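Presented below, as structure tokens, is a lone chain in the form predicted alone.
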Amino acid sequence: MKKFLDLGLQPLANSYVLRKNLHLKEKKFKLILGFNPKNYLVSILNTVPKEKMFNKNYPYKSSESKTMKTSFMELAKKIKKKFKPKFIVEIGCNDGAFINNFDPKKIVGVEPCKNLARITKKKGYKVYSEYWNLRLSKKIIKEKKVDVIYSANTLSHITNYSEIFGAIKKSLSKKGILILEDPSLLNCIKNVAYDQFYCEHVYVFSTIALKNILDKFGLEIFDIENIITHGGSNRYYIKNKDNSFFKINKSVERELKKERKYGLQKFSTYVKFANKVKKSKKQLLKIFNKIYDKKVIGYGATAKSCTVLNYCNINNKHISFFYDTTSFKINKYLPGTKIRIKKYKKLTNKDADYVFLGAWNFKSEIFDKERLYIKNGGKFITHIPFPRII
């Protein structure tokens, strides 16, 4: 692996701090990014044990995002119409935002975070509160193989991708497909979205790298959709190579061409990206220093914002507090920076002079919600694709 960016010492991005624990020293790890010149995979080099990240206190709930709920609902309709699956497995079902669109008899979930698995089970769905691996896949397919395996923003969290894809290959029925959804590395590099990298995102896939990995398991991409979620993601439709039911769509070669043209197969591209990240840090700090006497709050206490704030040394001296809608985060503090998280309420111009957009990937949804604040002269600070005041 060739190192190209050091994002410094970082806390565990989703380990929000309780008030009573503010005096305790947080565990941190070196967040260093590397490029594999053999298969072109980009990953973080110092991984954190999965048990420390995905446990009974996991704070992110996908059903609390209007954008994600809509995306899942539309995809569910498409899956029913186009693929007509009899049996579906969702890896990383969270609190049931996707699974909720299907008949409980036709779908099962995999969710190692017990607090989230409990929520989905209460809705009447069967959920395995375990980590996806070969052993669990054998347990699930005892009775029948799977027609659709779906995973959104989850497989990139699992260090051992050999076991992931090996288990998926063995689980698929004759017509079976994998639908994989993850942030697009091309968008990440173009937008200087270095906050896509944190402890949970072991990999950010390019189509080039994913194709190389899948080849080894006799799997191939047959269609790709570019979608808006998480600041620009790719939805990959994947099948066994001997599955002749689906032809390879032109979208696959189109995406590969885009990535090759941008240079995602070259180490020099990532060196340039690292330089842009360093420049972005300086520009963001310059904005905060310029408005030091103004009231600034944050909007969306995300794992992404955790990377930015800790890398740029922005803390509770710069940002008074964050608003967030996620119930598990309220009245806790952001890791590392110790900025308090308050329950969301509609923005007014009395709240703040400036609002740092932590959840920049939900910008459209946020701006729509906060039209009055913007109309009355309210301003947002963003770091994507470069630091500026909107």
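Numbering starts at 1 and runs along the sequence shown. Just so you know, these numbers come straight off a predicted model, no measurement behind them.
This protein has a second form, the form predicted together with a small molecule, left out of what is shown; the following refers to that one.
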Margin query: With the distance limit set at 4.5 angstroms and only heavy atoms considered, check whether 184, 270 and 279 all reach the small molecule in the predicted complex.
Written below: no
Check: Taking the shortest heavy atom distance, is residue 302 within 4.5 Å of the small molecule in the predicted complex?
Finding: yes
Next item on the list: State yes or no: in the predicted complex, is some non-hydrogen atom of residue 43 no more than 4.5 angstroms from a non-hydrogen atom of the small molecule?
Entry: no
Item checked: Residue contact check: residue 239 to the small molecule in the predicted complex, 4.5 Å heavy atom -> no
Margin query: Is residue 326 near the small molecule? Define near as a heavy atom within 4.5 Å, in the predicted complex.
Written below: yes
Check: Just one stretch in 331-339, 361-369, 347-355, 32-40 has heavy atoms within 4.5 Å of the small molecule in the predicted complex, so which one is it?
Finding: 361-369
Margin query: Only one of 157, 211, 235, 230 gets a heavy atom within 4.5 Å of the small molecule in the predicted complex. Which one?
Written below: 230
